[in-house]
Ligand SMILES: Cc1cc2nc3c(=O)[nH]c(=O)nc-3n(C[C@H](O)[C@H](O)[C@H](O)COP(=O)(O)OP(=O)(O)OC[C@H]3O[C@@H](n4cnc5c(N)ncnc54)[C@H](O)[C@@H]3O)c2cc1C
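Only one chain is shown below, in structure tokens, and it's the form predicted on its own.
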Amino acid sequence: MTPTRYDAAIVGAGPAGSTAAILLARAGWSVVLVEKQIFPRRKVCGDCIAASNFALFDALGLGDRFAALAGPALRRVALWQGAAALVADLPPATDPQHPWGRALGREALDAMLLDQARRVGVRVMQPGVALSLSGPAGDQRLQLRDIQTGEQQGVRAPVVILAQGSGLHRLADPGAARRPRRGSDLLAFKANFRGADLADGLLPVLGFAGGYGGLVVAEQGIATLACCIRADRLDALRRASPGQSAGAVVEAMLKRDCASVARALQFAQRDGPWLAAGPLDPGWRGRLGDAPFCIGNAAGEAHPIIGEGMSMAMQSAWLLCQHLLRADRPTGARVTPAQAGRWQADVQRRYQADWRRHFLPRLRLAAAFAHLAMRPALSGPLLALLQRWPALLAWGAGQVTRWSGKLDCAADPGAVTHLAADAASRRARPARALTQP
């Protein structure tokens, strides 16, 4: 069967993949988006979205929908460790229209973005899975399978974007082998609670031996409790509580090791089961090579202690699309594979350089704070200092917020929107459907 041609094929319809699909489709590109899970879906995530992303939602045409769904503005941060509970004000972002971050569960966020992708003409295969990737840069082929029907379909596209999250990227590196499990591996857990006693606008950060976490109120007053814990600490906890599920022992540990968590959840009811994921693999994944393009956690992942995961997902999609739309992609039947490959390699170099410049400092800062938070023996003296001089916490919160990039957006939504509009005016090729109705 002859592969269906598209301008871009994107694997993964989370915040990164759907954002890229919307931007490219608005520029007149024909786009197919493949997602293996049915939405809405729960996902292990802290749910926090920095204020620097809100202009991106506006530019995507989703600003009002996001504002109507998201939780209260996050104006204060707390540090909860042991019996300590310190609180400080967060600095506002530079955009006076969007000064404070907010939280929105992935169930709502992912569905909202994917719905917008469909509205602008993206062809969506869901649930679908990408089986293989072949061909040279600039002329790649994806073999896709519809999970419900089992039907397979070949797709051919000059641009393939991986946005399926972290972990082993079989498509990008088919020869990679899974490394053995280690005690230092970080495993992620998340649960939602109704009726939590948490002040509006407060964002507590949790520190405990072998891990760290956070608590935030998202849409409809639902509190999200998320944490990362070392595998060896989790193993010890489970040995001490035989027969208990991993989520149950994690919840009991958090209430025991962080007194404020116990108070906040004293009368709360868990909404659904605990979710687990991992191991986390923080760092930049530039080793994946020049093709295909990677965005979101597929490109690089920060320790979630600073809550930059969704910011990096959306902003990396904008960065890549800015470079794709700015470059004059060679088209037409007379384009040689060498020309297409050179074009993609040039875009890849520019995008990866931009990615490193904007996000590597966030990765390094997040790693430093993560290792400090999960070692109470090291963070204890700092905590004592903050308890004695609370003003230092407010100053430190402001500095961390600035250093982590929460106040600034890596992408210029106005520039990308202008590029998309200009590209759309020069293109007239309609998108082709993945399957015939």
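Residue numbers run from 1 along the displayed sequence. Everything quoted here is computed from the prediction, not taken from an experiment.
Not pictured, yet referred to below: the form predicted in complex with the ligand.
Could you tell me which of 318-326, 347-355, 292-300, 242-250 sits within 4.5 Å of the ligand in the predicted bound form, going by non-hydrogen atoms?
The contacting stretch is 292-300.
Check whether Ala51 has any heavy atom within 4.5 Å of a heavy atom of the ligand in the predicted bound form, and answer yes or no.
Ala51: no, not in contact with the ligand in the predicted bound form.
Does Arg65 make contact with the ligand in the predicted bound form, using a 4.5 Å heavy atom cut-off?
Arg65 lies outside the contact set for the ligand.
Taking the shortest heavy atom distance, is Val11 within 4.5 Å of the ligand in the predicted bound form?
Yes.
Arg41, heavy atom within 4.5 angstroms of the ligand in the predicted bound form:
Arg41: yes, in contact with the ligand in the predicted bound form.
Could you work out which of Gly105, Gly211, Gly309, Pro204 is the residue within 4.5 angstroms of the ligand in the predicted bound form, going by heavy atoms?
None of the others qualify; the residue that does is Gly309.
Which residue among Gly121, Gly154, Gly165, Gly341 has a heavy atom within 4.5 angstroms of the ligand in the predicted bound form?
Answer to the contact question: Gly165.
Just give me the residues of 22-47, first to last, that have a heavy atom within 4.5 Å of the ligand in the predicted bound form.
In sequence order, Val34, Glu35, Lys36, Gln37, Phe39, Arg41, Lys43, Val44, Cys45, Gly46, Asp47 come within 4.5 Å of the partner.
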